[in-house]
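Shown here is one chain on its own, the form predicted alone, set out as structure tokens.
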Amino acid sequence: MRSTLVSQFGDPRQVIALVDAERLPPGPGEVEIALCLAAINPSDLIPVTGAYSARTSLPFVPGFEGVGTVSRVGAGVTTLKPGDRVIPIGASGLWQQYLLRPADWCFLVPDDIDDRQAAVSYVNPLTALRLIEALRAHFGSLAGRRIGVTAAGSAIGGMLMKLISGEGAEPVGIVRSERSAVRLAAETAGEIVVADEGNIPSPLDFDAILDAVGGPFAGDLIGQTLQPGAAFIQYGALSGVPVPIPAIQARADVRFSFLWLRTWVHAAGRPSIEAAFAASFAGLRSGLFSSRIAQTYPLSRLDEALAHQADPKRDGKLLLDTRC
């Protein structure tokens, strides 16, 4: 079967190889999934660089998000059958034609959710839902709160803007270019500001920030915009650089936390994850969690897909068709 493989850390465009891999039968409690579409997310590529090398074992197959159909079941599996459409989670490995995964880590897709929607129903929607829950845990009610969202022009940034508005709070989308600001303003309610490291408009004040960037820019926001008693929740590091420790230490009046979806998934239990997927599917139906798909590439053209992913002018998410 066609697969991808990372045998050393480095630039994803250089170290992710296309390989022929052995197709193994499912063991007890496992199912084999014939994958059809997989998403390309920053969370897929960051481990490839070695940023999480302490908890990433080589070699590995990338890809945390996608959808496929059960093709074979192992001994003892009674909850799934061949032909069931599922979203497999819990580990990477979706950038290949066939995947073995414990049946307990596969979640059924409703018939009215198409493959393209299902392929992006996990990472961004569930992360967005968890971030709103984290804000509720900190503030109780979000009504009247002013909440900044960095990288607001991203798919998850747009989702967060809508969710925050739905809570009666005031979302403020933070983007790095006027082009992103114009597009975001046309798609979602809320204030939009253009800001970057060393260039933060004044006055700009927040009760909370949901940050996907990290680095010195996050440090500037912490020092210049957060009100006493605020919350700063980081859920990504698109800059590839940690939030400066001095910026955190200087704000003892701010609650800092990091949300990593995988940590929640492995601790939540299946009923909670099923409930989260139900909310994700409902959001897909309503348009709340809709994601713009820029292009779908055959897995055999992974090099083109990765080049497109790195293009700063990319407008939407990229999918891999793992069947070709």
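This structure is a prediction, so every number in the text was calculated from the model and none was measured. So that there is no doubt, residue numbering starts at 1 and follows the sequence shown.
There is another form of this protein, the form predicted together with a small molecule, and it is not shown here; the text below is about that form.
Would residue 260 count as touching the small molecule in the predicted complex under a 4.5 Å heavy atom rule? Answer yes; at least one heavy atom of residue 260 falls within 4.5 Å of the small molecule in the predicted complex.
Please tell me whether any heavy atom belonging to residue 314 falls inside 4.5 Å of a heavy atom of the small molecule, as the geometry stands in the predicted complex. Looking in the predicted complex, residue contacts with the small molecule include residue 314, since a heavy atom lies within 4.5 Å.
Contact of residue 237 with the small molecule in the predicted complex (heavy atom, 4.5 Å): Yes, residue 237 sits close enough to the small molecule in the predicted complex that at least one of its heavy atoms falls within 4.5 Å.
Spell out, yes or no, whether the shortest heavy atom distance between residue 96 and the small molecule in the predicted complex is within 4.5 Å. Heavy-atom contact with the small molecule at 4.5 Å: absent for residue 96.
Stretch in contact in the predicted complex with the small molecule, which is absent here, among 138-146, 249-257, 110-118, 228-236 (heavy atoms within 4.5 Å): Contact-bearing stretch, as computed: 228-236.
Check 61, 80 and 101: does every one of them have a heavy atom within 4.5 Å of the small molecule in the predicted complex? The answer is no: none of the three residues contacts the partner (heavy atom, 4.5 Å cut-off).
Just one of 208, 221, 163, 156 has a heavy atom within 4.5 Å of the small molecule in the predicted complex. Which one? Only one option qualifies, and that one is 156.
I need to confirm a contact call. Of 192, 87, 123, 132, which residue comes within 4.5 Å of the small molecule in the predicted complex, counting heavy atoms only? Looking at the other structure, the residue within range turns out to be 123.
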